[in-house]
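In structure tokens, the next block holds one chain alone, the form predicted alone.
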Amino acid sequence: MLTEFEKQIVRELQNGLPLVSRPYQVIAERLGLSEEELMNKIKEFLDRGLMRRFGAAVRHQDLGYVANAMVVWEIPEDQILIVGQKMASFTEVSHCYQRPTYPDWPYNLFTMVHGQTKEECLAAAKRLSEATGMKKYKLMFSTAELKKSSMKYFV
């Protein structure tokens, strides 16, 4: 059970971080806390299991990354962990995850790559392929950015 003040902290956090050099300090001041006290509360929320993760939702289009491609890979099952970790380490990759295969869909590793042009995405996929030795892949380019929104609690 959350206290009313803890609910207020959640309300502030779910509105996103201010685009300043010390966003937690700004939020802490709104709540009448120090930055350290706010960070301790966030850690407490994570420790208590009240919050599973705390992350950023980046709007790639707004940052100039208008070419985005899901690169799907056919990776041998016994190599998928090592290959996935290596691919996830590339700065162009924002998402990297394993998916099941199907009789008509052999791709079991998905990486989302971003670039300012389609050619940059193609080059990124080629670098991933060369770095891992994996040659069976396809790129599927985004055609629209769907609205991204976070869950809102205690509105």
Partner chain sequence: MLLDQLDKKLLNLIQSDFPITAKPYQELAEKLATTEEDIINRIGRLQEQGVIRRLGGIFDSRSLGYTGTLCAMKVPPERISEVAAVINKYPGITHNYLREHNYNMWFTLLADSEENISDILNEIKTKTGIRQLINLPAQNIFKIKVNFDTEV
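Numbering follows the first chain given and starts at 1. Only the largest set of C-alpha atoms that superpose within 1.5 Å between the two forms is called the rigid core. The shown structure was predicted, so the numbers you read here are calculated from the model rather than taken from an experiment.
The next section is about a form of this same protein that is not shown, the form predicted in complex with its partner chain.
Report yes if any heavy atom of residue 31 sits within 4.5 Å of a heavy atom of its partner chain in the predicted complex; otherwise report no. Output for residue 31 is no: heavy atoms all beyond 4.5 Å of its partner chain.
Does any heavy atom of residue 3 come within 4.5 Å of a heavy atom of its partner chain in the predicted complex? Contact with its partner chain, no.
Just checking whether residue 13 would be counted as a contact of its partner chain in the predicted complex - the rule being heavy atoms within 4.5 angstroms. The answer is yes: residue 13 has a heavy atom within 4.5 Å of its partner chain.
4.5 Å heavy atom contact, residue 94 and its partner chain in the predicted complex: It does: once its partner chain is placed as it appears in the predicted complex, residue 94 has a heavy atom within 4.5 Å of it.
In the predicted complex, residues of 31-59 near its partner chain [heavy atom within 4.5 Å]: If the 4.5 Å heavy-atom criterion is applied to its partner chain in the predicted complex, 31-59 yields 35, 39, 42, 43, 45, 46, 49, 50, 51, 52, 53, 54, 55, 56, 57, 58, 59.
Core fit, then residue 22 C-alpha moves 2 Å or more between the shown form and the other one: After core superposition, the C-alpha of residue 22 moves 2 Å or more between the shown form and the other one.
Hey, does residue 45 budge by 2 Å or more at the Cα between the shown form and the other one once the core is superposed? Yes; residue 45 is a residue whose C-alpha shifts (by 2 Å or more) between the shown form and the other one when the cores are overlaid.
Would you say residue 134 moves between the shown form and the other one, meaning its CA shifts by 2 Å or more once the core is fitted? No: residue 134 shifts by under 2 Å between the shown form and the other one.
Once you compare with this form, do the C-alpha atoms of residue 42 and residue 89 lie closer or farther in the predicted complex, given a change of 3 Å or more? Compared with the shown chain, residue 42-residue 89 is farther in the predicted complex.
Relative Cα spacing, residue 19 and residue 116, in the predicted complex - shift of 3 Å or more: It is farther: in the predicted complex, the C-alpha atoms of residue 116 and residue 19 lie at least 3 Å more apart than they do here.
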